[in-house]
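One chain comes next, on its own, written out as structure tokens in the form predicted on its own.
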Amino acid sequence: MSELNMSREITQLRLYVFILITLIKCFQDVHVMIFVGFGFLMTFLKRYSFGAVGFNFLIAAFGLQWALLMQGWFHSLDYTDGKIKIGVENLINADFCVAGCLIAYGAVLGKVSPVQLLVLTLFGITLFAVEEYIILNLIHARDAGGSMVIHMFGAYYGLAISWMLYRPNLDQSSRLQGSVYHSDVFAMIGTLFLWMFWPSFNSAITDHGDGQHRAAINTYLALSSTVLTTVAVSSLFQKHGKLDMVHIQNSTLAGGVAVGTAAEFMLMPYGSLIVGFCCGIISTLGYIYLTPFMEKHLKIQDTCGIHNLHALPGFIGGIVGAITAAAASESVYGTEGLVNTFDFEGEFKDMKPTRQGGHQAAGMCVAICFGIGGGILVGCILRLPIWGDPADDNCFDDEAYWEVPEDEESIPPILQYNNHMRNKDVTESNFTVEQN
């Protein structure tokens, strides 16, 4: 073997090892987002932290196994031996698939039983695999960060289920729908994990090299812009200029959702900042005005506000992706860059960027239709009185499905000293009797 051939093989081996290490790193980041980020983000309810983290764990562990099968049948089935071949990228895609169901869980958080969640996940994974195949393979839309495939589908899927499971007497649990100081702190842990690892989420399955580099940078800048905008808008619309923790926990992530589709495109840094700026405004105002409107007039009880964090930013991301794709040119990307970024190969080798923009818009329509239509169908199934869902006055309470330790605050303190205070109530009652 010549030295030149040996040098080429060593170079290829090094490149392969580098790509594998990058994939494993991205997989771990995405995995943390699924199990820690999404789980703790939903711990804001004062009496439903066990359900938020525990059922998130259950959905993710069940969903990723079913996702490996469903996505494997569509993407990784080897017809020569009839086996599904699994690699690290398949694990990342399975986590993406689970993310759509976790987004849907946010809409019905605290209002459904564990069995209902498993049914929601079973059908959600199946629908996701089908709509993903249609959007990415048949329509040939690009969606590296899943603004359409993951966020739009998951949000509208969850909102449609919430609409079908509308509870007119949910105000019986209104005392438990709020948060307390420590529950909001725990929810911020989820926010920070999601915020830090979102560049890996959007760049995990992009083309290694320029596309992955652009995806990380665009996401990084969009998220940063969203934080500043969210803080400004929240302070502007709240009383006395104070910040609302709901906005900081959720709207600060909207930029990562919206930049997902166009993350690997030549969006440019200023474009990412503009996307993050717009999402910070729209998402924050959505929590202030749209969420109450949807519950009052549309009968959609959105516990976590996924419409403002995933649906609206996902829709914006789809539009940005369509415009950016339609505006692509060889002078900006280069001939090879254009082919690699938009996968203009095989039957799509003659595709033009303007036509690709139309395909991106078609992908948005498919995601919305599958989300709403699938959600209505699954909602009808979940309305059957066989799933053991909680009563209206037991929603948002862990005690329905968990062994909950007794609160320390509810245990009367035993005073070793100051005995004159221990029998204060008895003394006061005796004093009342003597007065009578």
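Basically, rigid core = biggest C-alpha set you can superpose within 1.5 Å across the two forms. What you see is a predicted model; the values in this text were computed from it and never measured. All residue numbers refer to positions in the sequence shown, first residue = 1.
The protein also exists as the form predicted together with another copy of the chain; that form is not presented, and the subsequent description refers to it.
Requested in this report: Just give me the single entry in 116, 225, 356, 341 that has a non-hydrogen atom within 4.5 angstroms of another copy of the chain in the predicted bound form.
Outcome: In short, 225.
Query raised in the report: Of the residues 200, 303, 324, 206, which one places a heavy atom within 4.5 Å of another copy of the chain in the predicted bound form?
Result: Filtering the options by heavy-atom distance leaves 200.
Query raised in the report: Would 169, 171 and 295 all count as contacting another copy of the chain in the predicted bound form, using a 4.5 Å heavy atom cut-off?
Result: Judged in the predicted bound form, none of 169, 171 and 295 sits within 4.5 Å of another copy of the chain.
Query - Residue stretch of 305-313, 231-239, 343-351, 149-157 approaching another copy of the chain in the predicted bound form, non-hydrogen atom distance within 4.5 Å - result: Stretch 231-239 is the one.
Query raised in the report: How about residue 55: is it within 4.5 Å of another copy of the chain in the predicted bound form, going by heavy atoms?
Result: Yes, contact at 4.5 Å.
Requested in this report: Using a 4.5 Å heavy atom cut-off, state whether residue 333 contacts another copy of the chain in the predicted bound form.
Outcome: Output for residue 333 is no: heavy atoms all beyond 4.5 Å of another copy of the chain.
**Report entry** 4.5 angstroms heavy atom contact with another copy of the chain in the predicted bound form for residue 61
**Finding:** Heavy-atom contact with another copy of the chain at 4.5 Å: present for residue 61.
Query raised in the report: Taking the shortest heavy atom distance, is residue 383 within 4.5 Å of another copy of the chain in the predicted bound form?
Result: So residue 383 does not count as contacting another copy of the chain.
Requested in this report: Quick one: name the residues from 234-266 with any non-hydrogen atom within 4.5 angstroms of another copy of the chain in the predicted bound form.
Outcome: Stretch hits, in order: 238, 239, 242, 243, 244, 245, 248, 252.
Query raised in the report: Taking the rigid core as reference, does the Cα of residue 25 move 2 Å or more between the shown form and the other one?
Result: After core superposition, the C-alpha of residue 25 moves less than 2 Å between the shown form and the other one.
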